[in-house]
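Only one chain is included here, represented as C-alpha coordinates and corresponding to the form predicted alone.
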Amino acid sequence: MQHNEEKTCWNCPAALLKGNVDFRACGQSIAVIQNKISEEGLLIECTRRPELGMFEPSITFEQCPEWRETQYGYLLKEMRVMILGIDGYLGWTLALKIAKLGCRVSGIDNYLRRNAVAEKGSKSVVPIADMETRLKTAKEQHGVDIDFRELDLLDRDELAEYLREVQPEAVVHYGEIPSAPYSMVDAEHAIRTQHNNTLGTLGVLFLIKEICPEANILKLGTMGEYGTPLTGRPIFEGLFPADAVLTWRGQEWSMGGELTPRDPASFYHVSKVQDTFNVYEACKYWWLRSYDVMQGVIFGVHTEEVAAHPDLRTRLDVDEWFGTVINRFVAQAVLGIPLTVYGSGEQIRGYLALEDAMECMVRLLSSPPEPGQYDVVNQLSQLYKVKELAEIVARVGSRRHGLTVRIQRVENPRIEADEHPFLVVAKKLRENLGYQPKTPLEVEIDRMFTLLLQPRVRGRLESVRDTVFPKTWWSGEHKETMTLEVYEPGTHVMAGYSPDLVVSDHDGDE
(Lines give C-alpha, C1' and ligand atoms only; values in the text may rest on other atoms or scores of the structure.)
Protein backbone atom coordinates (compact mmCIF):
# COMPACT_ATOMS: atom_id res chain seq x y z
CA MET A 1 0.00 0.00 0.00
CA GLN A 2 1.34 3.45 -0.95
CA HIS A 3 1.29 6.15 1.70
CA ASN A 4 -0.79 8.54 -0.42
CA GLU A 5 -3.05 6.25 -2.44
CA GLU A 6 -6.20 7.28 -0.52
CA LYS A 7 -5.64 11.01 -0.91
CA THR A 8 -8.14 12.62 -3.25
CA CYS A 9 -8.63 15.57 -5.59
CA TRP A 10 -8.95 17.66 -2.43
CA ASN A 11 -5.15 17.38 -2.15
CA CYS A 12 -4.37 17.63 -5.86
CA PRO A 13 -2.86 20.89 -7.21
CA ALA A 14 -4.63 20.25 -10.54
CA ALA A 15 -8.02 20.75 -8.85
CA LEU A 16 -9.71 24.15 -9.18
CA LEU A 17 -12.06 24.79 -6.28
CA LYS A 18 -15.57 25.78 -7.26
CA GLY A 19 -19.03 25.66 -5.69
CA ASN A 20 -20.52 27.75 -2.92
CA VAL A 21 -17.48 28.26 -0.69
CA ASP A 22 -15.23 31.28 -1.01
CA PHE A 23 -11.84 29.68 -0.38
CA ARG A 24 -9.68 32.69 -1.14
CA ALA A 25 -8.91 35.25 1.53
CA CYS A 26 -11.46 33.65 3.82
CA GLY A 27 -9.47 34.06 7.03
CA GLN A 28 -11.45 31.22 8.59
CA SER A 29 -10.30 28.07 10.30
CA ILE A 30 -10.26 24.72 8.51
CA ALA A 31 -13.02 23.50 10.83
CA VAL A 32 -15.32 26.33 9.77
CA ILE A 33 -14.62 25.74 6.09
CA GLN A 34 -15.18 22.00 6.38
CA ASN A 35 -18.55 22.67 8.01
CA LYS A 36 -19.45 24.90 5.06
CA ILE A 37 -18.42 22.16 2.65
CA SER A 38 -20.61 19.56 4.37
CA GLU A 39 -23.58 21.95 4.50
CA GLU A 40 -23.30 23.69 1.13
CA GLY A 41 -21.36 21.23 -1.00
CA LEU A 42 -18.15 21.54 -2.96
CA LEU A 43 -17.41 20.99 -6.62
CA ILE A 44 -14.11 21.17 -8.46
CA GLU A 45 -12.83 21.30 -11.99
CA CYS A 46 -9.67 19.48 -13.06
CA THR A 47 -7.15 21.43 -15.14
CA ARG A 48 -5.82 18.13 -16.51
CA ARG A 49 -9.16 16.46 -17.22
CA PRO A 50 -11.55 19.22 -18.31
CA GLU A 51 -13.85 16.64 -19.87
CA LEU A 52 -15.02 15.74 -16.36
CA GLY A 53 -16.73 19.10 -15.93
CA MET A 54 -17.61 19.95 -12.33
CA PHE A 55 -17.57 17.10 -9.83
CA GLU A 56 -17.06 16.27 -6.17
CA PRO A 57 -13.40 15.82 -5.17
CA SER A 58 -13.63 12.15 -4.32
CA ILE A 59 -11.31 10.47 -6.85
CA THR A 60 -8.28 8.96 -5.10
CA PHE A 61 -4.71 9.19 -6.33
CA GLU A 62 -4.82 5.43 -6.89
CA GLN A 63 -7.90 5.77 -9.09
CA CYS A 64 -6.82 8.85 -11.04
CA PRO A 65 -4.93 8.21 -14.32
CA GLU A 66 -3.02 11.48 -13.81
CA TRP A 67 -1.24 10.00 -10.79
CA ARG A 68 1.23 7.17 -11.40
CA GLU A 69 2.81 4.80 -8.92
CA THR A 70 6.50 5.24 -8.05
CA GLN A 71 8.75 3.94 -5.28
CA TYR A 72 7.98 7.15 -3.36
CA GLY A 73 4.19 6.93 -3.63
CA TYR A 74 1.81 8.08 -6.32
CA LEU A 75 3.27 11.05 -8.21
CA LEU A 76 1.38 13.45 -10.47
CA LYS A 77 2.43 12.76 -14.07
CA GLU A 78 4.80 15.38 -15.44
CA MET A 79 4.20 17.47 -12.34
CA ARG A 80 5.35 21.03 -12.96
CA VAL A 81 7.83 21.81 -10.19
CA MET A 82 9.65 25.13 -9.88
CA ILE A 83 12.76 25.16 -7.67
CA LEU A 84 13.85 28.51 -6.27
CA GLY A 85 17.63 28.29 -5.75
CA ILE A 86 18.15 25.50 -8.28
CA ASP A 87 21.93 26.02 -8.55
CA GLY A 88 22.56 25.20 -4.88
CA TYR A 89 23.70 22.12 -2.99
CA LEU A 90 20.13 20.91 -2.49
CA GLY A 91 18.39 22.61 -5.41
CA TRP A 92 20.48 21.04 -8.15
CA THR A 93 20.39 17.60 -6.53
CA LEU A 94 16.60 17.68 -6.25
CA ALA A 95 16.20 19.00 -9.79
CA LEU A 96 18.01 15.98 -11.23
CA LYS A 97 16.15 13.51 -9.05
CA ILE A 98 12.62 14.69 -9.79
CA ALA A 99 13.35 15.36 -13.47
CA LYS A 100 14.46 11.73 -13.80
CA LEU A 101 11.19 10.72 -12.10
CA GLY A 102 9.26 12.47 -14.88
CA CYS A 103 8.58 15.89 -13.38
CA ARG A 104 8.75 18.99 -15.59
CA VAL A 105 11.38 20.93 -13.68
CA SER A 106 12.03 24.64 -13.90
CA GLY A 107 14.09 26.83 -11.63
CA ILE A 108 15.71 30.15 -10.89
CA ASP A 109 18.97 31.22 -9.31
CA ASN A 110 21.03 34.40 -9.15
CA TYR A 111 24.25 32.55 -8.15
CA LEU A 112 24.24 34.22 -4.75
CA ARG A 113 25.72 31.10 -3.12
CA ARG A 114 28.62 30.93 -5.56
CA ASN A 115 29.35 34.62 -5.02
CA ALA A 116 29.07 34.48 -1.21
CA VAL A 117 31.47 31.54 -1.02
CA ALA A 118 33.88 33.41 -3.31
CA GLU A 119 33.61 36.43 -1.00
CA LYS A 120 34.95 34.19 1.77
CA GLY A 121 37.88 33.32 -0.47
CA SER A 122 36.62 29.79 -0.96
CA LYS A 123 34.92 27.65 -3.60
CA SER A 124 33.13 24.35 -3.93
CA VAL A 125 35.85 21.78 -3.32
CA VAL A 126 34.00 19.37 -5.59
CA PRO A 127 34.29 20.99 -9.03
CA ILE A 128 30.90 22.07 -10.36
CA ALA A 129 30.03 23.01 -13.91
CA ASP A 130 28.34 26.21 -15.05
CA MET A 131 24.60 25.93 -15.47
CA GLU A 132 24.67 25.68 -19.26
CA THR A 133 26.99 22.67 -19.02
CA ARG A 134 24.93 21.13 -16.23
CA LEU A 135 21.72 21.33 -18.27
CA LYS A 136 23.38 19.92 -21.38
CA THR A 137 24.90 17.02 -19.42
CA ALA A 138 21.61 16.29 -17.65
CA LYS A 139 20.01 15.90 -21.08
CA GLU A 140 22.83 13.62 -22.29
CA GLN A 141 23.11 11.46 -19.17
CA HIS A 142 19.54 11.30 -17.90
CA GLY A 143 17.46 12.33 -20.91
CA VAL A 144 15.84 15.19 -19.01
CA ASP A 145 15.12 18.81 -19.93
CA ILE A 146 15.36 21.33 -17.09
CA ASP A 147 14.27 24.91 -17.74
CA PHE A 148 16.48 27.50 -16.02
CA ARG A 149 16.34 31.27 -15.69
CA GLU A 150 19.03 33.39 -14.11
CA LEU A 151 16.77 35.47 -11.94
CA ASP A 152 16.82 37.18 -8.55
CA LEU A 153 14.11 36.06 -6.14
CA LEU A 154 13.51 39.71 -5.24
CA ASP A 155 12.78 40.68 -8.85
CA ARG A 156 9.05 40.18 -8.50
CA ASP A 157 8.13 41.33 -12.01
CA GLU A 158 10.47 38.85 -13.70
CA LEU A 159 9.50 36.08 -11.31
CA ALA A 160 5.79 36.76 -11.88
CA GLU A 161 6.29 36.45 -15.63
CA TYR A 162 8.09 33.13 -15.20
CA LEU A 163 5.44 31.77 -12.81
CA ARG A 164 2.70 32.65 -15.31
CA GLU A 165 4.63 30.89 -18.05
CA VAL A 166 5.25 27.71 -16.05
CA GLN A 167 2.09 27.59 -13.89
CA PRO A 168 3.87 25.34 -11.35
CA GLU A 169 1.94 22.73 -9.42
CA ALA A 170 4.64 22.74 -6.74
CA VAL A 171 7.16 25.37 -5.66
CA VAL A 172 10.24 24.26 -3.73
CA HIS A 173 11.79 27.21 -1.92
CA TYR A 174 15.54 26.73 -1.54
CA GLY A 175 16.28 30.31 -2.60
CA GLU A 176 17.67 31.67 0.67
CA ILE A 177 21.06 32.45 2.18
CA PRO A 178 21.62 29.28 4.27
CA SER A 179 24.37 30.23 6.70
CA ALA A 180 24.33 31.18 10.36
CA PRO A 181 27.97 32.39 10.42
CA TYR A 182 27.45 34.49 7.26
CA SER A 183 24.55 36.26 8.96
CA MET A 184 26.68 37.05 12.03
CA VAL A 185 29.69 38.63 10.29
CA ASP A 186 28.48 42.24 10.58
CA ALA A 187 25.46 44.46 9.99
CA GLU A 188 25.78 44.27 6.21
CA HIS A 189 25.67 40.47 6.15
CA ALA A 190 22.86 40.24 8.70
CA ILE A 191 20.72 42.74 6.78
CA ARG A 192 21.44 41.05 3.44
CA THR A 193 20.42 37.68 4.89
CA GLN A 194 17.15 38.87 6.35
CA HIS A 195 16.31 41.06 3.36
CA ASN A 196 16.87 38.22 0.88
CA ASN A 197 15.25 35.52 2.99
CA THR A 198 12.31 37.17 4.69
CA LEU A 199 11.27 39.73 2.08
CA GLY A 200 12.05 37.33 -0.75
CA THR A 201 9.79 34.67 0.75
CA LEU A 202 7.02 37.17 1.48
CA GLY A 203 7.11 38.35 -2.13
CA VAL A 204 6.96 34.76 -3.39
CA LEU A 205 3.88 34.09 -1.27
CA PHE A 206 2.03 37.05 -2.78
CA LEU A 207 2.94 35.89 -6.29
CA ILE A 208 1.76 32.34 -5.63
CA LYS A 209 -1.53 33.71 -4.29
CA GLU A 210 -2.01 35.72 -7.49
CA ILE A 211 -0.75 33.24 -10.09
CA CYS A 212 -0.78 29.61 -8.90
CA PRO A 213 -2.68 29.40 -5.58
CA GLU A 214 -3.25 25.63 -5.86
CA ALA A 215 0.52 24.91 -5.91
CA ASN A 216 2.08 22.82 -3.15
CA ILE A 217 4.67 25.03 -1.41
CA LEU A 218 7.67 23.26 0.10
CA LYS A 219 9.47 25.89 2.15
CA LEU A 220 12.80 24.88 3.64
CA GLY A 221 12.96 25.67 7.33
CA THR A 222 15.57 24.44 9.78
CA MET A 223 15.67 22.61 13.09
CA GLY A 224 17.66 25.62 14.28
CA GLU A 225 14.40 27.57 14.46
CA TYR A 226 13.50 25.68 17.62
CA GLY A 227 16.76 26.17 19.48
CA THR A 228 17.72 23.72 22.22
CA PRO A 229 15.25 24.20 25.10
CA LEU A 230 17.08 23.75 28.39
CA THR A 231 13.87 22.55 30.05
CA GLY A 232 14.05 19.41 27.91
CA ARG A 233 10.50 19.93 26.62
CA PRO A 234 9.73 18.00 23.42
CA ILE A 235 10.43 19.64 20.07
CA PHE A 236 7.20 18.82 18.31
CA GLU A 237 6.78 19.10 14.54
CA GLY A 238 6.07 22.81 14.33
CA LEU A 239 2.63 22.65 15.92
CA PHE A 240 1.53 21.33 19.28
CA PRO A 241 -0.22 17.94 19.00
CA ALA A 242 -3.93 17.69 19.79
CA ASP A 243 -3.34 16.33 23.29
CA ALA A 244 -0.88 19.05 24.39
CA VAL A 245 -2.13 20.92 27.46
CA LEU A 246 -0.89 24.05 29.25
CA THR A 247 -1.38 23.90 33.01
CA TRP A 248 -1.09 27.11 35.01
CA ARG A 249 -2.53 28.21 38.35
CA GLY A 250 -4.71 25.15 38.59
CA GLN A 251 -6.28 25.56 35.17
CA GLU A 252 -5.71 23.76 31.88
CA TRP A 253 -5.83 24.99 28.27
CA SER A 254 -5.47 22.96 25.08
CA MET A 255 -2.45 23.93 22.98
CA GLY A 256 -3.38 21.62 20.08
CA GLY A 257 -2.65 23.12 16.66
CA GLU A 258 -0.83 26.21 17.93
CA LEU A 259 2.67 27.03 16.68
CA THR A 260 5.35 25.75 19.03
CA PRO A 261 7.90 28.14 20.59
CA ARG A 262 10.93 29.21 18.56
CA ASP A 263 14.37 30.20 19.84
CA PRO A 264 16.48 30.94 16.75
CA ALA A 265 20.24 30.53 17.02
CA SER A 266 21.46 33.33 14.70
CA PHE A 267 20.19 36.17 12.52
CA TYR A 268 19.87 33.61 9.73
CA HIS A 269 17.66 31.43 11.91
CA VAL A 270 15.62 34.51 12.83
CA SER A 271 14.89 34.97 9.12
CA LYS A 272 13.65 31.38 8.93
CA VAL A 273 11.32 31.94 11.89
CA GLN A 274 9.94 35.02 10.15
CA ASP A 275 9.36 32.85 7.08
CA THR A 276 7.47 30.34 9.21
CA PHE A 277 5.02 32.95 10.42
CA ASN A 278 4.59 34.46 6.95
CA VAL A 279 3.87 31.07 5.36
CA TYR A 280 1.54 30.12 8.22
CA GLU A 281 -0.43 33.34 7.80
CA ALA A 282 -0.55 33.03 3.99
CA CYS A 283 -2.14 29.60 4.31
CA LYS A 284 -4.68 31.03 6.74
CA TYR A 285 -5.47 34.22 4.80
CA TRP A 286 -5.38 32.93 1.22
CA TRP A 287 -6.01 29.20 1.54
CA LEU A 288 -2.57 28.31 0.21
CA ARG A 289 -1.07 24.91 1.08
CA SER A 290 2.44 24.38 2.40
CA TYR A 291 4.90 22.07 4.07
CA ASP A 292 7.40 23.80 6.31
CA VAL A 293 10.39 21.44 6.25
CA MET A 294 12.37 21.75 9.48
CA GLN A 295 15.51 20.18 8.14
CA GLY A 296 18.39 18.81 10.13
CA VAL A 297 22.02 19.29 9.07
CA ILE A 298 22.61 17.78 5.62
CA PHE A 299 25.88 16.01 4.86
CA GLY A 300 27.35 14.10 1.97
CA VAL A 301 27.96 14.17 -1.74
CA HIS A 302 26.06 11.24 -3.20
CA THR A 303 22.88 10.56 -5.07
CA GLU A 304 22.61 8.27 -8.08
CA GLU A 305 21.81 11.25 -10.30
CA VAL A 306 24.68 13.58 -9.36
CA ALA A 307 27.20 10.72 -9.37
CA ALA A 308 26.40 9.82 -13.00
CA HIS A 309 28.89 12.31 -14.47
CA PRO A 310 31.47 14.82 -13.13
CA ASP A 311 29.54 17.71 -14.69
CA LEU A 312 26.43 16.74 -12.71
CA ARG A 313 28.08 16.94 -9.30
CA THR A 314 26.50 19.26 -6.76
CA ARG A 315 28.61 21.68 -4.78
CA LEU A 316 30.39 20.85 -1.52
CA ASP A 317 31.48 23.73 0.69
CA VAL A 318 33.85 23.32 3.63
CA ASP A 319 34.60 26.93 4.59
CA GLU A 320 33.53 28.22 8.01
CA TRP A 321 30.57 30.14 6.57
CA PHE A 322 28.90 27.51 4.41
CA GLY A 323 30.50 24.20 5.34
CA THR A 324 28.24 22.14 7.61
CA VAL A 325 29.88 20.21 10.41
CA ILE A 326 30.33 16.71 8.95
CA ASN A 327 31.42 18.08 5.58
CA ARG A 328 33.99 20.28 7.32
CA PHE A 329 35.22 17.44 9.54
CA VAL A 330 35.93 15.22 6.54
CA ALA A 331 37.73 18.10 4.80
CA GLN A 332 39.80 18.82 7.91
CA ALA A 333 40.76 15.15 8.18
CA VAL A 334 41.97 15.13 4.57
CA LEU A 335 43.92 18.35 5.15
CA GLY A 336 45.54 17.02 8.33
CA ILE A 337 43.85 19.67 10.48
CA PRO A 338 42.58 18.39 13.86
CA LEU A 339 38.78 18.35 13.73
CA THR A 340 37.36 21.52 15.28
CA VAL A 341 34.87 20.73 18.05
CA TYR A 342 33.31 23.87 19.55
CA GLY A 343 33.49 24.09 23.33
CA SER A 344 32.67 20.80 25.03
CA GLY A 345 31.31 19.22 21.84
CA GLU A 346 28.22 18.04 23.73
CA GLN A 347 25.86 19.99 21.45
CA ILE A 348 23.18 17.69 19.99
CA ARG A 349 21.75 18.21 16.51
CA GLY A 350 19.72 16.30 13.94
CA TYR A 351 21.37 15.01 10.75
CA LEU A 352 20.54 13.27 7.50
CA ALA A 353 22.43 12.33 4.36
CA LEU A 354 21.90 14.20 1.10
CA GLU A 355 20.42 11.08 -0.50
CA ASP A 356 17.86 10.67 2.29
CA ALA A 357 16.97 14.37 2.25
CA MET A 358 16.07 14.11 -1.43
CA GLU A 359 13.81 11.12 -0.80
CA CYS A 360 11.99 13.08 1.89
CA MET A 361 11.39 15.96 -0.52
CA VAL A 362 10.01 13.66 -3.23
CA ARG A 363 7.62 12.09 -0.74
CA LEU A 364 6.41 15.55 0.29
CA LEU A 365 5.92 16.54 -3.34
CA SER A 366 3.85 13.40 -3.86
CA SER A 367 1.52 14.14 -0.96
CA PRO A 368 0.31 17.78 -1.04
CA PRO A 369 -1.53 19.19 1.98
CA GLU A 370 -5.16 20.22 1.76
CA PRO A 371 -6.05 23.75 0.64
CA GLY A 372 -5.43 26.11 3.54
CA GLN A 373 -3.31 23.57 5.39
CA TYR A 374 0.01 24.63 6.89
CA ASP A 375 1.86 21.48 7.90
CA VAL A 376 5.32 20.93 9.37
CA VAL A 377 7.71 17.99 9.24
CA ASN A 378 10.92 17.59 11.21
CA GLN A 379 13.23 16.15 8.57
CA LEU A 380 16.13 14.23 10.09
CA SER A 381 17.38 10.68 10.37
CA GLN A 382 19.27 10.62 13.67
CA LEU A 383 20.64 12.77 16.49
CA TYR A 384 24.35 13.02 17.29
CA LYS A 385 26.63 14.99 19.55
CA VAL A 386 29.26 17.04 17.73
CA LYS A 387 32.18 15.30 19.39
CA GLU A 388 30.56 11.94 18.61
CA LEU A 389 30.59 12.91 14.93
CA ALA A 390 34.27 13.85 15.21
CA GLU A 391 35.01 10.37 16.57
CA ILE A 392 33.11 8.70 13.71
CA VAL A 393 34.85 10.78 11.03
CA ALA A 394 38.21 10.05 12.64
CA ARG A 395 37.46 6.32 12.74
CA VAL A 396 36.42 6.14 9.07
CA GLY A 397 39.35 8.29 7.98
CA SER A 398 41.95 6.19 9.81
CA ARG A 399 40.57 2.70 9.26
CA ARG A 400 39.41 2.96 5.67
CA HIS A 401 41.73 5.62 4.26
CA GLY A 402 44.89 5.40 6.33
CA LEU A 403 44.73 8.98 7.59
CA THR A 404 46.07 10.18 10.93
CA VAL A 405 43.19 12.13 12.42
CA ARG A 406 43.21 14.12 15.66
CA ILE A 407 40.50 16.19 17.34
CA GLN A 408 40.76 19.66 18.87
CA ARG A 409 38.44 21.52 21.17
CA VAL A 410 38.32 25.21 20.33
CA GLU A 411 36.62 28.23 21.84
CA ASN A 412 33.01 28.28 20.82
CA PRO A 413 32.46 31.38 18.66
CA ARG A 414 28.69 30.86 18.82
CA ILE A 415 26.28 31.77 21.60
CA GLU A 416 24.75 28.39 22.41
CA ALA A 417 24.44 25.91 25.23
CA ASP A 418 27.36 23.48 25.20
CA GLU A 419 25.28 20.87 27.04
CA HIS A 420 21.52 20.53 26.78
CA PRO A 421 18.72 17.94 26.62
CA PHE A 422 17.27 17.30 23.17
CA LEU A 423 13.97 15.46 22.73
CA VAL A 424 12.85 15.62 19.10
CA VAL A 425 9.61 14.30 17.63
CA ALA A 426 9.96 13.36 13.93
CA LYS A 427 7.09 11.00 13.17
CA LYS A 428 5.25 12.35 10.13
CA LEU A 429 7.73 11.43 7.41
CA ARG A 430 8.03 7.87 8.66
CA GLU A 431 4.49 7.16 9.83
CA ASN A 432 2.52 9.18 7.27
CA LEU A 433 4.77 9.29 4.20
CA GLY A 434 6.61 5.96 4.27
CA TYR A 435 10.13 7.35 4.68
CA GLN A 436 12.89 5.16 6.11
CA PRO A 437 16.53 6.33 6.23
CA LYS A 438 18.66 4.34 3.78
CA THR A 439 22.11 5.93 4.04
CA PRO A 440 24.16 4.98 7.12
CA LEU A 441 26.33 7.79 8.46
CA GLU A 442 29.61 5.90 8.06
CA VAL A 443 28.77 4.87 4.49
CA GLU A 444 28.28 8.47 3.40
CA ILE A 445 31.37 9.66 5.28
CA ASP A 446 33.36 6.98 3.44
CA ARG A 447 32.00 8.22 0.11
CA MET A 448 33.06 11.75 1.03
CA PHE A 449 36.59 10.66 1.87
CA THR A 450 36.84 8.75 -1.41
CA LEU A 451 35.80 11.84 -3.38
CA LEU A 452 37.86 14.39 -1.45
CA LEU A 453 41.00 12.26 -1.70
CA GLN A 454 40.90 12.31 -5.50
CA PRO A 455 43.94 14.36 -6.65
CA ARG A 456 41.93 17.08 -8.40
CA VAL A 457 39.54 17.56 -5.49
CA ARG A 458 42.30 17.37 -2.91
CA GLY A 459 44.16 20.12 -4.75
CA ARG A 460 41.11 22.37 -4.62
CA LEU A 461 40.74 21.55 -0.95
CA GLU A 462 44.34 22.59 -0.25
CA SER A 463 43.70 25.91 -1.99
CA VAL A 464 40.93 26.84 0.51
CA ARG A 465 42.71 25.58 3.65
CA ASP A 466 42.70 29.05 5.23
CA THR A 467 38.88 29.33 5.07
CA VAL A 468 38.11 26.21 7.12
CA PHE A 469 39.05 27.33 10.64
CA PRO A 470 36.27 29.25 12.50
CA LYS A 471 36.79 33.00 12.77
CA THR A 472 33.25 34.45 12.84
CA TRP A 473 32.11 35.26 16.38
CA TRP A 474 28.48 35.81 17.42
CA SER A 475 29.77 38.61 19.68
CA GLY A 476 30.77 40.60 16.60
CA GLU A 477 34.47 40.36 17.36
CA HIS A 478 36.91 39.51 14.60
CA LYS A 479 39.65 37.34 15.99
CA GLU A 480 41.26 33.92 15.75
CA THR A 481 39.57 31.11 17.66
CA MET A 482 41.83 29.71 20.38
CA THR A 483 42.53 25.98 20.61
CA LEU A 484 41.71 24.64 24.07
CA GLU A 485 42.90 21.07 23.70
CA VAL A 486 44.10 18.59 21.06
CA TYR A 487 43.46 14.91 21.71
CA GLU A 488 43.51 11.48 20.14
CA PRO A 489 40.21 9.89 19.04
CA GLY A 490 38.85 7.42 21.57
CA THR A 491 40.37 9.12 24.60
CA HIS A 492 37.37 11.24 25.64
CA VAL A 493 34.13 9.80 27.01
CA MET A 494 30.68 11.09 26.17
CA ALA A 495 29.07 12.98 29.03
CA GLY A 496 26.02 15.12 29.63
CA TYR A 497 22.61 14.46 28.12
CA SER A 498 21.62 11.64 25.79
CA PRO A 499 19.79 12.44 22.52
CA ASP A 500 16.15 11.35 22.38
CA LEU A 501 14.44 10.93 19.01
CA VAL A 502 10.78 9.90 18.80
CA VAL A 503 9.89 8.55 15.35
CA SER A 504 6.80 6.43 15.98
CA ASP A 505 3.89 6.02 18.37
CA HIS A 506 4.08 2.28 17.79
CA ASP A 507 7.77 1.43 17.96
CA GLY A 508 8.73 3.63 20.91
CA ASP A 509 11.70 5.95 21.01
CA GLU A 510 14.97 5.60 19.16
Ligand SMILES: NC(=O)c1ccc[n+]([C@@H]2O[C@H](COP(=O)([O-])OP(=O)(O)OC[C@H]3O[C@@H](n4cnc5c(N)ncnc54)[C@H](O)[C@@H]3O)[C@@H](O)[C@H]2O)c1
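Computed from a prediction, not measured in an experiment: that's the story for all the values here. Each residue number is its position in the shown sequence, starting from 1.
What comes next is about the form predicted in complex with this ligand, which is not displayed.
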Contact between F236 and this ligand in the predicted complex at 4.5 Å, heavy atoms?
-> no
Within a 4.5 Å heavy atom cut-off, is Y174 in contact with this ligand in the predicted complex?
-> yes
Counting only non-hydrogen atoms and a 4.5 angstroms cut-off, does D87 reach this ligand in the predicted complex?
-> yes
State yes or no: in the predicted complex, is some non-hydrogen atom of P181 no more than 4.5 angstroms from a non-hydrogen atom of this ligand?
-> no
Looking at 102 to 110, 407 to 415, 237 to 245, 258 to 266, which one sits within 4.5 Å of this ligand in the predicted complex if you count heavy atoms only?
-> 102 to 110
Which one, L151, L202, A190, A129, lies within 4.5 Å of this ligand in the predicted complex by heavy atoms?
-> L151
Considering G296, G345, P371, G73, which brings a non-hydrogen atom within 4.5 Å of this ligand in the predicted complex?
-> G296
Does any residue in 192 to 224 get within 4.5 Å of this ligand in the predicted complex, counting heavy atoms only, and if so which ones?
-> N196, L220, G221, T222
